[in-house]
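As structure tokens, one chain now follows by itself in the form predicted on its own.
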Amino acid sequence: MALSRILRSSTNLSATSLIANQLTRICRSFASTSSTSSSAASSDYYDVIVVGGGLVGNAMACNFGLNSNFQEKKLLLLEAGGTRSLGAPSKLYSNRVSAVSPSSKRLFQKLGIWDRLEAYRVKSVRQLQVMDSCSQSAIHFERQSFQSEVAWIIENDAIIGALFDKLASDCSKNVTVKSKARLKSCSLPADTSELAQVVLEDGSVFETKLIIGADGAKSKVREAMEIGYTGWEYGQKAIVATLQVSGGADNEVAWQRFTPFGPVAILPLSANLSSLVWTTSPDKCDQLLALNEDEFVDQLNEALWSEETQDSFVNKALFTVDSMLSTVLPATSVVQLPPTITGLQSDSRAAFPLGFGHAHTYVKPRAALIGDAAHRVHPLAGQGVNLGWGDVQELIEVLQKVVRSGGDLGSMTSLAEYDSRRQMRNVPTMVAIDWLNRLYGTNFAPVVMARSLGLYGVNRFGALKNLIMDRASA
């Protein structure tokens, strides 16, 4: 009997132990599920996340917020710096400006910021003159009868401020701007069965169907995409400053003179002020920045006017060709002289390195690149940021078609269309700019002869010149 009671007690203890183990496993399973749910709940969801504000990222967010196709979608703009509003014009001009193309102007009009920018300050450019320091060859880009603009020079800070103001006033319903937001990491799935995730340095976590990288040449989004990228440094730096000039009543001509060290660009800001972008070698750049203002101005005028590197043999050949063609094809352009630099508005001189970079693809599932995150070019043609604004317009056009069809914003089916269109537009422009920089970076006589005759020929044949202008404006 005692043995029987012991066996029954043992059986009951085993059953109790089994039940306890089962309960423990259930509790652990519940705890794990609860922890996963808690983690998911801590991740805020947005349909689109734009990483990087600036000139291109802000334009992307603004375009999205104003587009009626996206009114039921949510976008998060992550700005690493602070937001800024466009107030009254300051007395001093910023040393960083953009040459806004006609197509980019149309974008600004569509976004409703063009009138605000004009009220702030915008300078029209009615002609662009390009010269070679090694010969007398030159080319003059202008619209017919000098009546319409080639481009508009606008301070970068003004464009960013106008876009921020527009986001705050008209896009707050579906666009959230998070400032001081520094990206720690982003995770991209292999396909669209999962969402992409963004983690900030402050610990914030966000999930989305589409990450748009507008975070510059050193893009973390591009790095997370693990795509091919071709890039190099030119061994050049660009000096920027605001100049006091004389020599033109309206100052509506942009000047660019190619030297063996790089081009010197003078962009009009007002009747007596212009913006400088002076490309030179790193050593020469350091020397120029170490000069006082008067010495710097003297060196700049020397770079604009010096004939020390002129090739007399090439100039004789140009004169002969011009004499022969003038009888059948009269010159249509009026040769003008560049302005004289009289001083600096303030000593706002600064410099930055120049390079080339291009992502082999702009898209992957749940990710797309725009602006400098996708492509980086030399500033000699003023095309860099305009290519970025072109990316914005193309990507918006593709995404709105996805929304209308009920598709997935991050699917490769739609993003591949954006990639192919922009690659076809950007790559030829980038290659042409790179070749120009290399072509004019030497004073080797045969090369000087070839480029001088080529520049002369393009300037003489208006149809070809207009084609180049139309291409740059598209």
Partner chain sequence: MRTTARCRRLLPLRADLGRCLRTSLAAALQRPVPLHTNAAVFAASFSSSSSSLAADNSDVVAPSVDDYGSAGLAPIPTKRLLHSNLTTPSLSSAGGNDVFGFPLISNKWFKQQHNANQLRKLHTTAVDAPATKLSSIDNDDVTRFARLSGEWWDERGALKPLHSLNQARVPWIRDTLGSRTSKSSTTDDGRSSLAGLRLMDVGCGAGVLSEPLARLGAHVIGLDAADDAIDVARARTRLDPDLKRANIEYRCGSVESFVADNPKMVGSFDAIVASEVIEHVLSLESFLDACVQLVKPGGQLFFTTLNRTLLSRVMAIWVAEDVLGIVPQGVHDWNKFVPPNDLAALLEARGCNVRLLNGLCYNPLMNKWSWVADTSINYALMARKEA
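Remember, it's a predicted structure, so these values are computed and weren't measured experimentally. Positions refer to the first chain, counted from 1.
The same protein also has a form predicted together with its partner chain, omitted here; what follows describes it.
**Student:** Among 293-301, 191-199, 379-387, 104-112, mark the stretch whose residues have heavy atoms within 4.5 Å of its partner chain in the model of the complex.
**Tutor:** Partner-contacting stretch among the options: 191-199.
**Student:** Could you tell me which one of S414, N437, Q423, T429 places a heavy atom within 4.5 Å of its partner chain in the model of the complex?
**Tutor:** Checking each option against its partner chain in the model of the complex, the one that comes within 4.5 Å is S414.
**Student:** Of the options V403, V314, V277, L76, which one has a non-hydrogen atom that comes within 4.5 Å of its partner chain in the model of the complex?
**Tutor:** Spelling it out, the residue with a heavy atom inside the cut-off is V403.
**Student:** Would you check, heavy atoms only and a 4.5 Å threshold, whether P339 touches its partner chain in the model of the complex?
**Tutor:** Flag for P339 set to no.
**Student:** Consider T442 of the chain shown here, and say whether it contacts its partner chain in the model of the complex, taking contact as heavy atoms within 4.5 Å.
**Tutor:** No, T442 is distant from the partner.
**Student:** Does its partner chain get within 4.5 angstroms of any non-hydrogen atom of E226 in the model of the complex?
**Tutor:** Heavy-atom contact with its partner chain at 4.5 Å: absent for E226.
**Student:** I'd like to check something about D408: if you look in the model of the complex, is any of its heavy atoms closer than or equal to 4.5 Å to a heavy atom of its partner chain?
**Tutor:** Within the cut-off, so yes.
**Student:** With the partner absent here, would R121, W152 and D250 each sit within 4.5 Å of its partner chain in the model of the complex, counting heavy atoms only?
**Tutor:** So, no: the whole triplet misses its partner chain.
**Student:** If you apply a 4.5 angstroms heavy atom cut-off, which residues in 45-62 are near its partner chain in the model of the complex?
**Tutor:** Contacts from 45-62: Y45, D47.
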